[in-house]
Structures are given as C-alpha cells and as structure tokens.
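This document opens with one chain alone, in structure tokens, the form predicted on its own.
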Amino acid sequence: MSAKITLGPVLFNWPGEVWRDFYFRMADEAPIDTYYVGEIVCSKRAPFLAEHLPAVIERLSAAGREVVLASPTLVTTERERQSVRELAASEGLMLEANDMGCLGLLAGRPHAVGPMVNVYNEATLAWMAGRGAVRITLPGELNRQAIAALAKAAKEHGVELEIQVFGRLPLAISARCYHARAHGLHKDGCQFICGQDADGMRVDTLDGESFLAVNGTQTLSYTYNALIGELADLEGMGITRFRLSPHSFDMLAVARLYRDLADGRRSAAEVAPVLAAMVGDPGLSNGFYQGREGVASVPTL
C-alpha cells in the first residue's frame, strides 16, 4: 500500500478568509490524500469558520480528496455539548473524535480517533476498534517501541494507524486560556488575542529559554516535530498514513517534500535542511519517537 499524506485540522486562530483560502490552495495544488477540518481548540472561534466550511468541503471533495470532520478537543458547556451531538448526528463524512464524549456518540459507526485521545496501549486500541474505530492517529509523545506494538495490534484488528510527522505537537488542553491571561485578559473577554500568533505564542522559562508554545487553551511543543528519516521505519511497521499539522508558512512546499520523501524522489538528507530553513529558530525535533525528551533532535540520516 502506498503512503498517504494527510493534513490535520488548523489548530490556530486564523481569519476566516485566510483559513478558507489556505484550503482552496491546498485542494488545487497539494499532494494531500486526506484533510481533517474543523475548529477543535476553542468553540469561540468556530463561528468565524462556519460560514466558509461548506465551500471548503466542496472544494476539497471536488479535488478528489477525502474530507474528515474533526470534533472539538475539550467540551465543557452545554452549548459545546449540543454542537458535538449535532456533529455526531451528521451524515456523509467520516468524523474524527478528539474527545471521549464524542467517541461515545460515535459508537457502532465507522469513525476516526484523533491524537488528542490517549491511545497508549493495545487494550485501548482493541476496545476502540470494537466500538467502530477504523483509523487512529496516535499521540505524538509515543516512542518507537510503543508505536511498533500498537501497529501490530492495529493490523490484527483491521485499524489504520496515522502518525503526525510534521508540526508542533499538541501536548495539553485546558479549560482556562493562558493566551488571554498572558495579555491581562479573561477567557470570556479574550478579544481573540490568540489571533496575533499564527503559529502559537512562545513561552520562555524564567531563564529566558524557549520552552513551549501556547495556542489559546492549548499547549504545544516549541520545536516542530519532524519525522523524516523515520518514515521508512514506520512503513516497515505497516503504517502508511503520515499527518502534517498546518502552520502559516508554505505548507504546500511541506506537503510536496513529504510526498517526494514517501515516494523515494528525495532522500531524508535532502528534505531535512529544507524543512529546517522553513521552520527557522524553533528548530526540528524527533525526541519522543527516539525515546528521548521531546525537544531532542536525534540524527537519523
């Protein structure tokens, strides 16, 4: 089976027109097989995307791409619960559950499970497969040994596994908004301040060392996870779905690099410096996969 390049949902607060035009361009030009779309971080942002969502789905579908609707990550209010119920009741597109509540609503129907749901062992994977999960994107902090064990279990249960191979890794989500607090604002009166940081706001330690990135209520890695030399290893385990996480720089170029890498037209040694130049100061990392601290960059070329 040939490798599939997928694109996770946009995690950041981009203006609605920018969000729409991003997907229009990717639909027309990017070698992406599957797109996950929807606001999964903060329900307050969802109305800005809602008016553009039908056009984006239509454009992606017309281009022959698979479209999957992604559910919110942390559901806390009745309004949010109702929106998830409506999403789960919709028909036509596969849904990706990023919250256990949504997972419960999808029981008995084929669905995907997102990386925000902690699938850390074979028993959890088997339980989800038994309830209808056909595809699972594993959390980014798993190491190679754990991924290999889950890949074996996935094959036994007929479940596809997907791995995020590029982009800042989602690490945590909170009911509180540190992004607003950092600007002296409350969550209810946040003024959508997260929109000032198209790829997340840098967080430094007391010693001034860059540490994490914050995106509204979400905590991300500061460095950009980039599994490059590891793709062949993952394919050897039977994993052929490789997820890119969208950022504000040229994601079309990123998609083409990974497509060329997966197809053998470019080597990891060729791809790595190009990606590093695009990312700039935060740098690339692969520590979690290599069984190290996430920020580590372990040579694999």
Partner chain sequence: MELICPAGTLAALRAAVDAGADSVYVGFRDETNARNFPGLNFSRDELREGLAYAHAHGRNVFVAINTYARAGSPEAWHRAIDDAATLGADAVILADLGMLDYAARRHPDLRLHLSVQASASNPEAIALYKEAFGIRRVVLPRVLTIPDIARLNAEIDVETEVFVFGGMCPMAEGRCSLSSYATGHSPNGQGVCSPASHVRYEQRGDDLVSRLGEFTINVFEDGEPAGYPTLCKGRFVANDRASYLFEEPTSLNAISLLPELKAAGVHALKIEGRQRGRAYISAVVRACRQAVDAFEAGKPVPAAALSEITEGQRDTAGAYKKTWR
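Keep in mind it's a predicted model, so treat the numbers as computed, not measured. Residue numbers count along the first chain shown, from 1.
As for the form predicted together with its partner chain, it is not shown, yet the points below apply to it.
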- Query: Can V295 be called a contact residue for its partner chain in the predicted bound form at 4.5 Å between heavy atoms?
  - Reply: yes
- Interface membership of E86, its partner chain in the predicted bound form, 4.5 Å heavy atom rule: no
- Contact flag, F192 vs its partner chain in the predicted bound form, heavy atom cut 4.5 Å: no
- Query: Wondering, does S90 line up within 4.5 Å of its partner chain in the predicted bound form on heavy atoms?
  - Reply: no
- Any chance all of E235, R266 and L275 sit within 4.5 Å of its partner chain in the predicted bound form, going by non-hydrogen atoms? no
- Pull the contact list for 58-85: residues with a heavy atom within 4.5 Å of its partner chain in the predicted bound form, in sequence order. T73, L74, V75, T76, T77, E78, R81, R85
